[in-house]
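Each of two forms of one protein chain follows alone as C-alpha cells, named structure 1 and structure 2.
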Structure 1
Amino acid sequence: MATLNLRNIRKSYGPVETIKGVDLDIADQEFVVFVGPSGCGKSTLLRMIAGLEEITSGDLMIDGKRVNDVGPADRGLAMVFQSYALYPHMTVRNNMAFALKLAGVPKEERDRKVDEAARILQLGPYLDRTPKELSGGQRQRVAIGRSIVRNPRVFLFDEPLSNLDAALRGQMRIELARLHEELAATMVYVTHDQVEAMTMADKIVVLQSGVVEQVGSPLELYHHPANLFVGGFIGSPRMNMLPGRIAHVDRTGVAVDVAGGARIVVPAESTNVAAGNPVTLGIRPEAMRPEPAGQLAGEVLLAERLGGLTLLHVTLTDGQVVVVQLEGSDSTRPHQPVRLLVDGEACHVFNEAGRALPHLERHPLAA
C-alpha cells in the first residue's frame, strides 16, 4: 500500500536548476515510467524520491507523509541501480540479506525471505556464488531480489535493463511486468527507451530539461501528444513533422497546407488558431499509405523490408524525407514516384509554440 505525491519538487546545484518544479501523483500499485532523453532529470528525480539526492524545495509525500528529511533507508523504498551495485565481496545470499541484517532481522527469517525471493527469481542455484560468477541477467535478478526481500512500499528502478543485450532486455521486460503483478507493488521506473516505457507502464511521465512535458497512459501519449516534444519522442519510427500553414478552420477541424500544395484536414480544436498561422503537421508513419489519389507527392528513396512491416523512406517534392510504415511485405522499389494518402484523423497539428491542438474526439483506448 503506497502512494507517492510530488509537490512542486525542485533541485538545484548552485545556480543551476535541474528539476524545475515537478508535480506528480502516483497511485498505489501503479507502474510509473519516467522517460526522456539523457540529461532530462529523470534519474535525478528518481534519486530524490530514493533519498539519495537532497530535495532543494517542494514536498515529497509517501502515503501522505512528508519524507523530505527521512533517510533513504527509512523511506521504505528499494532501488535497483543501473549498474546493479551488487556488493562484490558478498555472496548472492548475503547481498540479498544485507538490508535485513542491518535491520536486525533474525537469521531464520532472513533466510526464509531470501529463499522466497530466490524462488520467485529462479536464483536458487546461485545463492552461494559471488556476483562476478554470474551472468548479466543473473546479476540483474539479484539486484531485483535484493529489493524484494525488503518488502518495500515502492520499488525504484534506474535504467535497470540498459546493460543487457537486446534479447535479454525483452525477456526481463516481461519478467518485470509479471513481478509487478505478483508483488502488487508500486513501481517507479526510469528509462530513456520509449519502447520500455510503452510496454510496461501504467502511466508514463515524459520529462525534458527538468520539466514534465506530459503524464498519461502509453496510448494517451501516443494518440494525444500534448506537444511537439512528446509527439516526436513517443513512437518508433518517429512521427514525421512537416512545416505548414493553416488554410482555414471550421467546427469540423483545421485544414493545413504543407509543402507542395497538399492540403490535409485534421479534426482538431480550432479555437485558438486562425487561417495563415504557421503550424507543424505531425503524421505517424502508419497514418500514410501509397495511393494514386494521395495528397503528398514524392519519390521512394529507400525501402526497409522487415518482413511483417515495410518502412518506405520517401523524398517529398520539397526535399523533406518522410517515413511510411506499411503492414506486410510491400513491393515498392526505390526511385519509384509515389503519392501518399494521409489519414487526417490520425494527424496532429502543433501551433507555433509547439503545443498540440486537441483532437475533437479522444481515441477509444486513450480515455
Structure 2
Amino acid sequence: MATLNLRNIRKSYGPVETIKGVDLDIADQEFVVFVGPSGCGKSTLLRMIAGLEEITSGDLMIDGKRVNDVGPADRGLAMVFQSYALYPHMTVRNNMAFALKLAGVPKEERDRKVDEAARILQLGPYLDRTPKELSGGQRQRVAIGRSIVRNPRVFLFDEPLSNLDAALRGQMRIELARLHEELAATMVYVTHDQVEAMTMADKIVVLQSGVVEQVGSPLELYHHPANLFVGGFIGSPRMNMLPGRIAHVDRTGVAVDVAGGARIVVPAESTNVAAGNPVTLGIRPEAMRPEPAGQLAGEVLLAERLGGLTLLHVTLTDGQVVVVQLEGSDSTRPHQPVRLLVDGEACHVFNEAGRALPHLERHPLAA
C-alpha cells in the first residue's frame, strides 16, 4: 500500500481560502478518518488527495513522491463516493469489471480479480444480479468492490454510508473495519458522523473551517480533547459545557466554581490561569450520577430509557440543561429533584481562549 504526507496544503476559491494549511502524515495500512461539521473542508481535502481538486499551495506526497501535478488516474488511488454510481443495465460482475475492461485487462484476469473481491465482500451469490435487485448495503459493497479490483495504493471514502439506514450503517461499519484488516490497506474516510469515526479509525483528524483542530486516536480525542470544539464534537451524548470561574489553583489542580455555587476540583495544570479567570468546565455525561451529596442541584426534565442505558436531562438551578448517562435500570423519574455528584478527575477545563488545560499526570508513588 502507501503512505500519504500533506505539507501546508491550502485551497482557495478566488479570495476565499477553504483549506488553511493542513499538515498531516498517514502511515502505511492506517485507517484515517476526517471528521467535522458540514462545510469544514473534509471532502475538499479528500478530493485534493484524489486529484479531483487542484491544490492551491503546499505539497502532497504519496510514498514520498510529490504528486501535485499527477492526474487522478495516475496516483494509484481509488475513491468510493456517497452515490453508488452503478451502471443500472450491468450485472454486479460487469459493474466491478468495467474499469478493468476499459484498461485492457484480459478477461481471465478480470474474472479472477472480481471473484476475489466478491469473496472479500461476500457478494458471490449476487454477481449475476443487476443493481435494482440489491439492497442499499449490497450496492455500496459493489461500489467498494469496483475499487478493490483496481488494487489501489490508497482507498478514499467520501461519506459512503450516508444513504443507508441506521441498521445498515452499523453493519457496513463492521464490514469496512473487517475489509481494512483483510486488505491491510491504507484508507482515508470522510464522515460527519463522529460515531463512525470513533468505531472505525486508527487515527481521527478533526476539522473546522479548513483547519485541523486535533489529530489522534479515538480514545485520545475522547479523553484528552485539545479544545472546546473537539470536546463538544467527539462523544455521544455530547460533553456538557458549564461556564465557571477559577476559585483557586495549586499543585493538585484547579478548583472551578459553576452553577449555584458548586465547586469542582479538576486535576489539571494551572499554567496561564489564575483565580478569577473565566473558564468552561467540560463534563462527560457518564462522569455524573445522582447522589444526595452531589455538587450540582437541579430537576429532571426528561428521562430517555434506551434499554442498556438511561439518559437524564437535568435542568440546573441556573437554567442550564445537562445530560447524565446512567445504567438502563436507573429509576429516576421526570420532575424529580436531584443532586448530581461530579467526578472531577474525569472533567476538563477550557480557558477563556477555548484551549484545554492538560490533565496532571498521576504517578503510582505520588502522595
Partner chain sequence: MKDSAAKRIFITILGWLVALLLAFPIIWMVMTSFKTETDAISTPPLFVWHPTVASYAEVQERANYFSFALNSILISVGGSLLALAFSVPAAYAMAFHPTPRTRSTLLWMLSTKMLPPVGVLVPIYLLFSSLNILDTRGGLIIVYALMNLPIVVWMLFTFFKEVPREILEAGRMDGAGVWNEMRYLLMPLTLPGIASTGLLSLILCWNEAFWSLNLTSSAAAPLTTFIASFSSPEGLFFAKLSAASTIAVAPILIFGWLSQRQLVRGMTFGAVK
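For clarity, a rigid core is taken as the largest C-alpha set superposing within 1.5 Å between two forms. Not measured: the values here are computed from a predicted model. Numbers follow structure 1, counted from its first residue as 1.
In this comparison, the chain shown as structure 2 is the form predicted alone. Taking 2 Å as the criterion, Val249 does not count as shifted between structures 1 and 2: its C-alpha moves by less than this amount when the rigid core is aligned.
After superposing the rigid core, the Cα of Arg129 is displaced by 2 Å or more between structures 1 and 2.
After superposition on the rigid core, the Cα atom of Ala103 is displaced by 2 Å or more between structures 1 and 2.
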